[in-house]
Structures are given as structure tokens and as C-alpha cells.
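Read the single chain below, which is given as C-alpha cells and is the form predicted on its own.
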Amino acid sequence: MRIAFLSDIHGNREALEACLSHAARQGYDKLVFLGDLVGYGADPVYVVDTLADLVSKGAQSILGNHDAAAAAGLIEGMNDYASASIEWTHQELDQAQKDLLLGMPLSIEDEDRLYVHAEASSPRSWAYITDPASAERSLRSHAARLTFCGHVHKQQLYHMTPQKPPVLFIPQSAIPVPLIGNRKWLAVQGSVGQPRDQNPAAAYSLLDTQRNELTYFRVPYDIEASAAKIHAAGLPNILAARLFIGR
């Protein structure tokens, strides 16, 4: 089976379409969305409706912190521009779309894999995985061999043997990584719609379960169009500007 993982779309239609098109060319059997469909970008309705259609066809999706905030209209703990985008998104979504978001699970177990948006030991705390210590906390909290998460907006891959701490590996685009069987792996996805690793290209990954390989990809998309929609919606300028620099 070939599984495509997409995370942190953040209402960016152009980036989502580019990743789905690229993944289709690679060939996949299943789609998994790892949270934060909305927030920041100007196309939350399109993204949520697209997700609903894909879920009806077998895709799986996890709740992200921006999804929960936008659906409920809660902005506690967010900075000013994130709060502005959440309030705007809350107004754009209808009740059925909000209910769809709030109905998504915090995690999914699938064979030897765990899907979650943030750090797995406490999914609703929305903690970031930024170093081996946070990766180890996540990896030791469950029995799954492979963990897939998002939230950080940077592509990272950690591996850990039973008696040693995790080791960080920064994957290169389009180069398959063999997931050696005697290790646990934590695959942190980059962001489809708002990368923050100084690379503005959209990010997703593809797992080949038969070959036991994971490949990360970067996909160019029409940033100008996405940024223009953010400006037209009256959202904070920083949400458009950062798309061009991947920060």
C-alpha cells in the first residue's frame, strides 16, 4: 500500500491542489490528513469540502489545533494574526463544516502506524516536536512502530532503538528513506500550506508499506494566487508575505 500524508494545509487551496496532483502522479492508495486543514489561508470552505469528499472515498483525517479553534470560535493562546484568521475562518464556515472538523479524532491507529497532529503522549496539549527529547516522549507513549504527525511545519524524521534516545534525520526531497524494522520511527510532516523551513514549496510525504520506505516531497505551487486571496479577504498581510519565504 502507498499512503500519502498531508498536514497543515491551512486553507491554502493552491498548495493542496498541487500536492494532490503530485501525489496522484506518484501513485497512492490512500490519503491521510494530519490536521490543521484551516487557519491562515483564504480558502477554508474549499479545503474542508474537499476533505469531506475525500473522506467519503476512504481518506482519513485528524483534528488539528486550528481546526478545533476555528470550528468552535476559540482563540485563546493564539497570536494576533492567528486569532484574526481563526475569527474570519469561523465566520466563513457553515455549521456542517464546523461539525465535520469537530468530529475528527485526535489520533488514529492503523496497523503498526499512529496518526496524530502534535506530540502523541498528550494530543490535545498541542505540544511541538522540535528535538530528540520531545520526539522520545512521543515515541515512548505508545506501541506503534511508525508515528506520523504534523504541527511543526518542518519536515523531520526521528528513529529510535529500544535502549537509545532518538536520532534526528533531515530528509531530502524525493529520496526514499528505508524504515529499518528494528527501530521506531517518528515522521514529522512539513506543511502543505505554510512551510516554515525557509523553503516556500508545499510539503507532503508518501509511505510505501510494501517496500517499507518513506519519501518526502516538496512541490511548487502558485503562491501569488494564494497570497492575493489572503489580501482580498482582508487577512493580516504577514499571512501572505510569509508564503514567499517559507517562514
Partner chain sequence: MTKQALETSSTIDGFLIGEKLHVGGMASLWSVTRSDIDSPIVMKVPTIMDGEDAEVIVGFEMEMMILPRLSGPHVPRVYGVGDYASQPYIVMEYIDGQSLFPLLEQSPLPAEQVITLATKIANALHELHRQNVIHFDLKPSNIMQRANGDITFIDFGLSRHLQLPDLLEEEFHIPMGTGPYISPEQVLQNRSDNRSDLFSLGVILYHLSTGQRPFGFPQNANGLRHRLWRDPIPPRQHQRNIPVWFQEVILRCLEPDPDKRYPTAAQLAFDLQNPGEVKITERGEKIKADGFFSVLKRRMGFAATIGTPRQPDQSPWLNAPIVVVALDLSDDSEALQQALRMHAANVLARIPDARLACVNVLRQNRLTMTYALDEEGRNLHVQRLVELKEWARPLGLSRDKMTFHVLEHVDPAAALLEYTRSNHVDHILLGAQGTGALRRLMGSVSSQIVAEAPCTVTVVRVPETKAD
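Being a predicted model, the structure only gives us computed values, none of them experimental. Numbering follows the first chain given and starts at 1.
What follows is about the form predicted in complex with the partner chain, which we do not show.
Using a 4.5 Å cutoff between non-hydrogen atoms, Y221 does not count as a contact of the partner chain in the model of the complex.
Using a 4.5 Å cutoff between non-hydrogen atoms, R183 counts as a contact of the partner chain in the model of the complex. Among residues of the shown chain, Q91 is not one whose heavy atoms approach the partner chain to within 4.5 Å in the model of the complex. Although the partner is absent from this view, A72 stays clear of the partner chain in the model of the complex, with no non-hydrogen atom inside 4.5 angstroms.
Stretch 155 to 163 is the answer when you ask which of 103 to 111, 79 to 87, 122 to 130, 155 to 163 has residues with heavy atoms within 4.5 Å of the partner chain in the model of the complex. Interface residues of 209 to 228, taken as those with a heavy atom within 4.5 Å of the partner chain in the model of the complex (partner not displayed), are limited to E213.
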